[in-house]
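Just one chain is shown here, as structure tokens, and it is the form predicted alone.
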């Protein structure tokens, strides 16, 4: 029988906290950029202009058809080269974090775009007609009338996607970035207590995601009321 020993966890807490900050930074950046860029993609796909709709649709379909871990590896190979050439960054500079941020932000934009597009379609066309009748342009109607209502309807789905994103950040281990999961793995491997550290990390992931899920369910009830 395996002999559990949790004594290494207290000493690992500072390292785990440092990894948690990386996880939160990736999550927050991907949420903000994903919603902003995803909104533009959604509006472009619904614009009726083929020169906007087709590239936006191709972008969304591409990222939704490729595994996230592959996208992370792509940008880990591409982003460092672009930054070092464009900004003259030394080859010794560690830019794994920049690669991870770009990969997650652009990948999540595709998923947020579909959520936002569905939210826009959920708004009655009569709202747009009324806004146009009041003298608003199409852009003003979208910005001032449609999007505020759409985002209100989308809040639960946006938060659910954020929870999935938070869980997916553990995949940055493939590029050696020490996020929360990566830090737990390294400390556990170093101390010979990999099982304990991974169980502890999994428990904290569960607490965070379960708490967020409870919040989402409460918001869903408020939106539906």
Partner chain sequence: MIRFRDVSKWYGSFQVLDACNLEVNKGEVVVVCGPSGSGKSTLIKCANGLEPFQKGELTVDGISVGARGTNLPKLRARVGMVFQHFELFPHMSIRDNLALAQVKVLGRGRDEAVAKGLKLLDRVGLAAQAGKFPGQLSGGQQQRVAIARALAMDPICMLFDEPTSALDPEMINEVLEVMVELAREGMTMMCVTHEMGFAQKVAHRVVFMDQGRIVEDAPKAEFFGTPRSERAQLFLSKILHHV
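Residue numbers count along the first chain shown, from 1. Predicted, not measured: the structure shown is a model, and the values here were computed from it.
Another form exists, predicted in complex with its partner chain; not displayed. Remarks below refer to it.
Undergrad: Would you kindly say which of 101, 79, 73, 145 lies with a heavy atom within 4.5 Å of its partner chain in the predicted complex?
TA: None of the others qualify; the residue that does is 145.
Undergrad: Note which of 115, 131, 106, 97 lies within 4.5 Å of its partner chain in the predicted complex, where distance is taken over heavy atoms; exactly one does.
TA: None of the others qualify; the residue that does is 131.
Undergrad: Among 39, 50 and 58, does every residue place a heavy atom within 4.5 Å of its partner chain in the predicted complex?
TA: No: none of 39, 50 and 58 comes within 4.5 Å of its partner chain in the predicted complex.
Undergrad: Give a yes or no for residue 140: in the predicted complex, does one of its heavy atoms lie within 4.5 Å of a heavy atom belonging to its partner chain?
TA: Yes - in the predicted complex, heavy atoms of residue 140 and its partner chain come within 4.5 Å of each other.
Undergrad: Against its partner chain in the predicted complex, would residue 149 count as a contact residue? Criterion: heavy atoms within 4.5 Å.
TA: Yes, contact at 4.5 Å.
Undergrad: With a 4.5 Å heavy atom cut-off, would you call residue 121 a contact of its partner chain in the predicted complex?
TA: Although its partner chain is absent here, residue 121 would stay clear of it in the predicted complex, with no heavy atoms inside 4.5 Å.
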